[in-house]
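For reference, the chain that follows is the form predicted alone, supplied as structure tokens.
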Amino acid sequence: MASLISSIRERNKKTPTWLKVLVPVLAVGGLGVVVVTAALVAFVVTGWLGQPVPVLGFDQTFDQPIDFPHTVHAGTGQLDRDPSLPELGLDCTFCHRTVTTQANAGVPPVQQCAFCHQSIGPESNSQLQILRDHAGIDGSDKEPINWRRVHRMPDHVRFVHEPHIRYLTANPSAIGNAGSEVTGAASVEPSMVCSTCHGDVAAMEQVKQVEPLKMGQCVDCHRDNGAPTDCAACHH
């Protein structure tokens, strides 16, 4: 045993100090490279096939300049803050008025919101006060609200809402994330098809992306419903 210990000590004396330092550094560095590479691969794979990992700001939702709770405006239950009052249950097309006729669903001008909120809601509500200020109720000119877009396609992808809404309203069985009372109907209203791509927005306090909205999902849906799958159908 003594001779073994002596042999190890003798060997250590012959090993250069720089080598003693370099070996553990390389080991730790190699492990770090493996971890970083694995993280990057996971991020790219999820970003391509699903949604990016919600780190480093890659969240599926954003804080907007003004809070707009869809639960209050589009929900059909009771208000959380006052169970005696119902949620408004507004139709999606009440605000997104071009969804059945144009490429974009459209975002209402702030004046449309202020039409109700110039008298509805207390002055103490800071969010409503921001809305009223942007609407120019006091007669002054205001900058438009810079809403942050949650659902975004790449710039080389062309997505037109109108034909999708038209087809799904006439073919409810193709609607995703909908109950049997919808998919079993002969036809439905435009607001009942939005969940296919956007999820149950009426139940979201803050709108977030719930579907991947990647090429594979679009192509699969087109194939299932007899829509064109050639490149020019969606790409510029």
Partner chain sequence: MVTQAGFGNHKWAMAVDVDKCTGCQACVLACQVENNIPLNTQDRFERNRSMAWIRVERYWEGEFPNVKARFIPIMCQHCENAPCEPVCPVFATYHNAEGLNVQVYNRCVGTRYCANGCPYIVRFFNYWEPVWPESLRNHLNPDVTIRSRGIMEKCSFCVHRIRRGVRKADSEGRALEDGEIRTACQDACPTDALVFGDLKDPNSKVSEMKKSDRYYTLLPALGTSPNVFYLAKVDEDREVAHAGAEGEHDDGH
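This one's a predicted model, so the numbers in the text were calculated from it and none came from an experiment. Positions refer to the first chain, counted from 1.
Below, we turn to the form predicted together with its partner chain, even though it does not appear here.
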property: Partner contact for Glu87 in the predicted bound form: its partner chain, 4.5 angstroms, heavy atom; result: no
property: Glu162 within 4.5 Å of its partner chain in the predicted bound form, heavy atoms; result: yes
property: Any non-hydrogen atom of Arg166 within 4.5 angstroms of its partner chain in the predicted bound form; result: yes
property: Partner contact for Pro24 in the predicted bound form: its partner chain, 4.5 angstroms, heavy atom; result: no
property: Stretch in contact, per heavy atom within 4.5 angstroms of its partner chain in the predicted bound form, of 149-157, 120-128, 87-95, 71-79; result: 149-157
